[in-house]
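We begin with a single chain expressed as structure tokens, specifically the form predicted alone.
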Amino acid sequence: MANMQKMIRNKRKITSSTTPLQDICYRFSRNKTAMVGLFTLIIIVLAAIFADAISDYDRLAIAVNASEIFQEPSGKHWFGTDFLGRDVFARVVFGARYSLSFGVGCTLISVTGGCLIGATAAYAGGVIDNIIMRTLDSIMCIPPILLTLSLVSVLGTGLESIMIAISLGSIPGFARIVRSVVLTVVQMEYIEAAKAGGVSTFRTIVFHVLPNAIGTIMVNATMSIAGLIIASAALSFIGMGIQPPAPEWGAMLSESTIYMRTYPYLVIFPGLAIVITALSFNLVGDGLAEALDPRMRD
């Protein structure tokens, strides 16, 4: 009994001495699947950053080499070579740059736009809220893939155009999430105090309202990156995304489908890259959701 009481006192002492951020990091680190996802993401990000040190872009990733066509995976070519003699491993590594920059970039644009629109709608209320939300509802009635294809056909197939197209289609979803969270915050006493103190609407939203919704925003943003990476690969697969010879994973799958029976490694490795990257982001998002949930602190 005495030992049990001592353990409880020690636990209370440790809990009271830690900051909220340390508490979140501790609970996240206790989630084994989330740590596996984080470790995998770190490897993928480092590979994308140091891709030039790992392989040669001009010589191996995009250059045609007729003498190396359809080489099976080996010590010389870890993932084999494709129908133009290009090294598949080099193309997968450099393709991580496209997919990560696309997923993270689209998410940042979507989150920024969604936060401002959703928080403004919830904070203003009344007619402004109705106008904003009905407009977003109208946009969300359009199938996402149809909206994206329509915007891409207008803006073009460059990386920036595709990012803008998919980001615009993702903003309404984030705006609705942020609005639902902010509605529970705007009635708090400190928000009323900020209004009474003459704080501007913009400063109130940015410095007082949104920080209290940051947990939900982070979780949804992390998970959305996986969906956006898959969306970019899907666009490239149907020829509306990044165009060859750029080593984008979806484009690699599209080029290799006719060879998948005779040379299956051409679709296996870029397909695994998409699946592993998307799964890692989802695992990290699940871990963040649990770490930020106050009900999980015990």
Partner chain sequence: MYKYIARRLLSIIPILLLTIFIVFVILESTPGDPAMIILGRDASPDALNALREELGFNKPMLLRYLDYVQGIFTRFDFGESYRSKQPVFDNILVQFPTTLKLAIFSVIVASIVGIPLGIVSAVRQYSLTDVALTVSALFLASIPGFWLSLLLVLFFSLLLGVLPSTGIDSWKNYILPVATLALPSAAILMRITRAQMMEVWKQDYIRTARAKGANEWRVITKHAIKNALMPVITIVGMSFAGLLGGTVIVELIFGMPGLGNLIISAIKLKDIPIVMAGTIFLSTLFMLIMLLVDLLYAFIDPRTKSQFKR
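What you are looking at is a predicted structure, and each value in this text was computed from that prediction instead of being measured. Positions refer to the first chain, counted from 1.
Below: the form predicted in complex with its partner chain, not depicted.
- Taken together, L149, L272 and N282 are fully in contact with its partner chain in the predicted complex: each brings a heavy atom within 4.5 Å.
- With the partner removed from view, the residue among L46, I69, A53, I238 that has a non-hydrogen atom within 4.5 Å of its partner chain in the predicted complex turns out to be I238.
- This chain is displayed alone, yet in the predicted complex one of L41, I62, M35, V267 has a heavy atom within 4.5 Å of its partner chain; that residue is V267.
- In the predicted complex, its partner chain stays beyond 4.5 Å of every heavy atom belonging to T184.
- A residue is said to contact a partner when one of its heavy atoms sits within 4.5 Å of a partner heavy atom; R30 fails this definition for its partner chain in the predicted complex, lying far away.
- Residue contact with its partner chain in the predicted complex: A278 places a heavy atom within 4.5 Å of it.
- Proximity of L253 to its partner chain in the predicted complex falls within the 4.5 Å heavy atom cutoff.
- Stretch-level contact analysis of 77-85, 102-110, 115-123, 136-144 against its partner chain in the predicted complex, using heavy atoms and a 4.5 Å limit, identifies 136-144.
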